[in-house]
Structure formats: structure tokens, C-alpha cells
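One chain comes next, on its own, written out as C-alpha cells in the form predicted alone.
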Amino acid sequence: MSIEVKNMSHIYMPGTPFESAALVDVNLQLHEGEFVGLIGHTGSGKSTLVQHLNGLLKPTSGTLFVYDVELTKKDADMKFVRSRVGLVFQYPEHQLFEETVEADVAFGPKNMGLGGEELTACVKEAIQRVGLDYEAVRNRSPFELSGGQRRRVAIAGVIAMNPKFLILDEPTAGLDPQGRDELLELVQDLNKSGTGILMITHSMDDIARVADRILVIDKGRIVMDGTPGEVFSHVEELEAIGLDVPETSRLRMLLEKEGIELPSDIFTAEEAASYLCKLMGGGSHA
């Protein structure tokens, strides 16, 4: 496995009147090549959890292994860990700072020791992998690009370090529908090429469509872990902790009351409509 969390807790400002438990006894395994969604209401502990996974935060208690490196040890090889697990923050384009796109994307791999033709090839590949024309953007200021393009440049700067696992915190936040769809397609392509993905999102319809597995966190605890079909079958439980569900999950629940079973792998309105039309045409319930 790539990442293993054992009985991990994190307390902010311990021993003060403002002490707050952000994570409580979390146990979790993430495997290379998986596409995992992480959902939870605001303040549930999502961002705190992912910041532990490449060493930005240290747990108050418990253990954490990333590619067999125990991050809780003082001599943990953080350079190795961060070369394996890349973290893309929400609105990553706000972190761009170099004069050109090429220089910005090169920053991470250069700090890892790459140089010369190897660095150039690495940067070119990363820019092309996020769907941008290398020759067209390499010498442009990232601040001249559109919002969606700047976000792609920021992601390119992370994947230029060739991580085996990529963590994205609300990567589609603030994008228009076209930009959102294009970015989700990019993330799916990265996953298909072998990169493990852990994605935080508030869009239940999006994550139901793209993830292999979904984790639900509430009050610092992992309360559900399963396939999209398994997790989103718990409509009432999810709503009780302040989460929405895909519209098809609501439809599925209503249809079940009428004795009609909608397959668990259907998560879009188009798929549901197509299935129901075939069902009605066939004249029998599934």
C-alpha cells in the first residue's frame, strides 16, 4: 500500500482553553492507483487529514506511514515523502510566483536536484500532461493566463515532481462548468496513467461519477468507507451529518419505495433516464 494511517489523532492548541480535536483515532489505507474521494461538511477535518499525508502536519498521536517511511519519526525522509505524495491546495493558482510558466513548473523538480536537459524534459512533459501547449505558454507569465489555465499550471508544478499519489483539495472550486469538467477529465487521465488520487470535494455528483472509493469524515472521524454505490445508498445518514447526496441517490430511494430498483452504478441523470426508458419499454421492473 502507499499510505497507512493507524489510530491517528490531531489536537489543535492542546492544553489551552481553545483545545480542539480535529482528527480522532483515524485508521486508513490508501493504495497506489486508486481514485478516492474525501467528503465531509466544513470543519469535519478533511484538510487537516490530507496535510498529514505529506508531512505538513504531524499527528498528536498515532502513526503514519507513507511508502514505508514513518512520518512520526524525527528523522523521517520528508524529501522522499514529498516526491511520492503531491498536494494541490484549494485555489493553487494563488501560489504561482515565478515570472514564466516554465520557471514556475520547474521550481519543485529543480529543488529535488534536477537540472539541464532532464529538468527541461520534466517540465515540458508536466505542462503537456495538464493539457497546455508547452511552446505557447512556456515563456508567458502565468498571470496572463485564464483562471483555468493558471490552475493547470499550478497542478503541473506538482506533477512535475512525478508523485505516485496526488492529493487535491477542492480542485474545481470557483471554475465555470466547462472548466470544472475539463479539470475532472484531467484528474481522471492522471489516474488512468497510474497516479493515485485523493480528492476533497463538495460536489457529490462529481465524486460519485469519478471515484472508485469514497471516504466520509465527520467530527474528525472516518464514518464511512466504500464504493460510491455503497456510500450514497445511506441517504438519510449522510443528510444527518450535513451532507448532500447525488440527485440520482434521491431518485433511487424514491424508486425503491415504488418497487423499482435502480442499479447502484448509475449516478448521472442521463444514465438514470436511459435506464428508466429501457425499463418502461421492456414493460417490467429490474
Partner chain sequence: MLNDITVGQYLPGKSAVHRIDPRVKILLVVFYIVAIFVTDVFWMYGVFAAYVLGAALIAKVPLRVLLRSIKPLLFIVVFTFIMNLLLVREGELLLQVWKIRIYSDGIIYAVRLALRLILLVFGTSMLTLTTSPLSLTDALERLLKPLSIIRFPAHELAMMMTIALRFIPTLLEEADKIMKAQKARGADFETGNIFQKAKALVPLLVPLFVNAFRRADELAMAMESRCYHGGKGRTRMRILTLSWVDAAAVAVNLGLLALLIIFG
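Keep in mind it's a predicted model, so treat the numbers as computed, not measured. Residue numbers count along the first chain shown, from 1.
Omitted from view is the form predicted in complex with its partner chain, to which the following refers.
Asks: Just one of Asn111, Ser193, Asn139, Ser146 has a heavy atom within 4.5 angstroms of its partner chain in the model of the complex, so which one?
Replies: It is Asn111 that has a heavy atom within 4.5 Å of the partner.
Asks: I need to confirm a contact call. Of Leu251, Val69, Leu56, Ile241, which residue comes within 4.5 Å of its partner chain in the model of the complex, counting heavy atoms only?
Replies: For this set of options, the contacting one is Leu56.
Asks: Would you confirm whether the three residues Met13, Arg82 and Leu87 all fall within 4.5 Å of its partner chain in the model of the complex, going by non-hydrogen atoms?
Replies: Looking in the model of the complex, the three residues Met13, Arg82 and Leu87 all sit within 4.5 Å of its partner chain (heavy atoms).
Asks: Do Gln51 and its partner chain share at least one heavy atom pair within 4.5 Å in the model of the complex?
Replies: Flag for Gln51 set to yes.
Asks: Decide whether Pro171 counts as a contact residue for its partner chain in the model of the complex under a heavy atom distance cut-off of 4.5 Å.
Replies: No, no contact at 4.5 Å.
Asks: Although its partner chain is absent from this view, report whether Asp205 comes within 4.5 Å of it in the model of the complex, heavy atoms only.
Replies: Contact with its partner chain, no.
Asks: Using the partner position in the model of the complex, report whether Phe107 sits within 4.5 Å of its partner chain, counting heavy atoms only.
Replies: Answer yes; at least one heavy atom of Phe107 falls within 4.5 Å of its partner chain in the model of the complex.
Asks: Just one of 69-77, 179-187, 111-119, 212-220 has residues with a heavy atom within 4.5 Å of its partner chain in the model of the complex, so point it out.
Replies: In the other structure, the partner sits against 111-119.
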